[in-house]
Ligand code: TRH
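Below you'll find only one chain, the form predicted alone, shown as structure tokens.
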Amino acid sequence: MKLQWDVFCRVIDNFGDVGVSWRLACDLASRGQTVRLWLDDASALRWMAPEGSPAGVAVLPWSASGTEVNIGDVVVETFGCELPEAFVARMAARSVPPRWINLEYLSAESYVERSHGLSSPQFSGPGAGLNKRFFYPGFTAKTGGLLREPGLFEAQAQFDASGWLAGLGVQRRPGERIVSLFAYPPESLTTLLKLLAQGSQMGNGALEPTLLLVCPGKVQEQLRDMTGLSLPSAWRWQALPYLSQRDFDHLLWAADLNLVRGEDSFVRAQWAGKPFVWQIYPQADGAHGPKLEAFMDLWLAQAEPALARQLRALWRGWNGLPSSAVAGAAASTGQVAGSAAAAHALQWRANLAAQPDLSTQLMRWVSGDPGKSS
């Protein structure tokens, strides 16, 4: 069933919100839906999607939504962005009310399974009479799943990593591993580099030759300056330009270890099926700590105990979380990108891929068949 979707997104910072919304819009359109993406700042799409909008997707300014009279069949409010009241009033006036969905942030915490699918009837205000439902992405069968476009794994299997890297001017040296780095500015880049070096120790104690490919941002700027800093021996780094979403996926596919941040790149690293380290968005109240632990509990449940200890130590250290185990375990993290970690990454991806993807579940909801979403 072809429907008109209105997806709203406010761009807060770091591009993760617009990145998720853009992927959702494109994925829905590829499945025969028509999508209008309402953004308050579309500037990031100039490099994130330089090819422009695909068929079925229109990017419109948030400010123009207040006068829009043609309300879609489905309205998606991403990350609690709060729809314009004038638009909500027109939703309520529609002869057939639209499906109203609040697409929430991704989390592995237990409340996600309890809250996924809950209704929020609107008893007052411009949307009185409407019913909003909460849709929680997640990692288990009782959640809304993750964004995953059809044919993703087939495209990766046919990907020419060496050719793509050469197109960026990147030449891997013999025996050199590639590590991608997309990070929020750490409080201490020296500490970050130390953790990375500890994670590259080989069995004989030597450091594995490593090429660090660094995405644009503050970390890249700090490395360019390098005042008082030094890379580990046997390491070198190269600055990357801003990459489109498609090319960012290619970067994750080409690397041996991916260091990612936020939400969108976090999900894409899991679909890449490569060892990865997640830097969660830091929150002043410390709420990011339990969120990180909740994901690690789920992600590492089937990992070998030694690998699980190593990864927990590295992840906690990367995110500045206290742990008595960090110092000792981090010193033995030489296999975080080794065969055990690689096998675990593929097993985790297979577990996720066995669940319906996010767009499939959304479309089942709006077609009146929500029961199949779990």
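The numbering used is simple: start at 1 and walk along the sequence shown. The shown structure was predicted, so the numbers you read here are calculated from the model rather than taken from an experiment.
Just so it is clear, the following notes concern the form predicted together with this ligand, a form of the same protein that is not shown.
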Answer with yes or no whether Ser265 is in contact with this ligand in the predicted bound form, where contact means some heavy atom within 4.5 Å. yes
Phe276: touches this ligand in the predicted bound form, heavy atom cutoff 4.5 angstroms: no
Heavy atom of Met48 within 4.5 Å of this ligand in the predicted bound form: yes
Should Phe15 be classed as touching this ligand in the predicted bound form when contacts are defined as heavy atoms within 4.5 Å? yes
Looking at Phe139, Trp235, Tyr136, Phe248, which is the one with a non-hydrogen atom within 4.5 Å of this ligand in the predicted bound form? Phe248
If we test each of Leu211, Leu243, Ile101, Cys81 for a heavy atom within 4.5 Å of this ligand in the predicted bound form, the one that passes is Leu243
TL;DR on 176-184, 114-122, 151-159, 85-93: the one with heavy atoms within 4.5 Å of this ligand in the predicted bound form is 176-184
Candidate spot Gly145, Phe295 and Arg349, all three touching this ligand in the predicted bound form (heavy atom, 4.5 Å): no
